[in-house]
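First comes one chain, alone, set out as structure tokens in the form predicted on its own.
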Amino acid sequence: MKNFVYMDAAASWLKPQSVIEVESDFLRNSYANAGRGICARAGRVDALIDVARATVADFISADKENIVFTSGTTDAFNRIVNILRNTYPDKNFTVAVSDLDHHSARLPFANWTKTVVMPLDNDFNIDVKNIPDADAYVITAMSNVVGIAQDVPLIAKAIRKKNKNAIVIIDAAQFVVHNKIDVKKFDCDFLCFSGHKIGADTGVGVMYIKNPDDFSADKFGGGMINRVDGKKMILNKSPEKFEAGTLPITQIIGLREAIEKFSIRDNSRALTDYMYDELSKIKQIKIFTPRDSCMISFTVDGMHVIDFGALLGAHNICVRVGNMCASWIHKKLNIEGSVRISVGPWNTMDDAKYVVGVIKDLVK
């Protein structure tokens, strides 16, 4: 049997050995809680987190005080909703979303505020000529289904032209893997991504806040309080203001290592192009992602995507099947679900040829 082939990078990256070793070494030899102690060991942990925060800030062209650690993108979006709700308790918000959105980027707003949908053009880009009126805008910088990078600065400019005071929120969970993030060029108020998408551990993510002093805290507890004066709470400055409780320390240290070792795209373009060309020759397969997409999403005539994924799994091939937690884009495409192939730096041309060969055999 062929060795296990993992082509589900868009769901979660396999972990580089160096990330595993850094986390393991920290847990064995250096572990202590952060922001709680004055001994040398605790101070060393505080320093490690500070360096990790600086690494993340540099990675997205931000400043350290703008970087808040979360448990991931889903956590960040739920927190953004609560931050806005606490900051503007009397305001009736309208939030603009799009059919590109992952459930995590859109559903947190559903029970709080009114949503309007930004239209897409024929190439699955947000239509900057038809930006609706809204108080806040969610830009999915790259869909996890069609894999097309949006022109975020252009969209943000169109939004600012429509409403200069709008709050711009970027979901960069997929984008971060394939394109450089520059929050200054993006002109966004919030941006978030998950560490596990770029080779870090699960349980850690990043929430960038452009002007943290303008927003109210959403979580309360240890570490974010400067002092309590009677009934009045004096909060610390950002990022501590938004980091109540114990941080995912081990994962944060692993995130720094993942970023240090991270390389955009690696070998994925050549392998993706090869598989796209080969799968395009199979008449039973309908690919709906463009050739320059970072992934290959398709359906198979006469076969449910779950069944097809199970057959691939029986050949030790791991891909993603279903609606990808992105119901709206599938509805727009008039399909219930899809099969998604996404390549990582660990994959080889032999992997690509094996996957193509198995697919060809399955659809004979």
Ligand code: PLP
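Just so you know, these numbers come straight off a predicted model, no measurement behind them. For every residue, the number given is its place in the sequence shown, counted from 1.
A second form of this protein, the form predicted in complex with pyridoxal-5'-phosphate (PLP), is not displayed here; the remarks below concern that form.
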Options 274 to 282, 102 to 110, 126 to 134, 241 to 249; stretch whose heavy atom lies within 4.5 Å of pyridoxal-5'-phosphate (PLP) in the model of the complex: 102 to 110
Is there any non-hydrogen atom of H196 lying within 4.5 Å of pyridoxal-5'-phosphate (PLP) in the model of the complex? yes
Answer for S98 alone: is it within 4.5 Å of pyridoxal-5'-phosphate (PLP) in the model of the complex, judged on heavy atom distances? no
Contact flag, T74 vs pyridoxal-5'-phosphate (PLP) in the model of the complex, heavy atom cut 4.5 Å: yes
V176, heavy atom within 4.5 angstroms of pyridoxal-5'-phosphate (PLP) in the model of the complex: no
Single option in I80, V206, M142, I253 placed near pyridoxal-5'-phosphate (PLP) in the model of the complex, where near means a heavy atom within 4.5 Å: M142
Any residue of 150 to 172 that, in the model of the complex, places a heavy atom within 4.5 Å of pyridoxal-5'-phosphate (PLP): D171
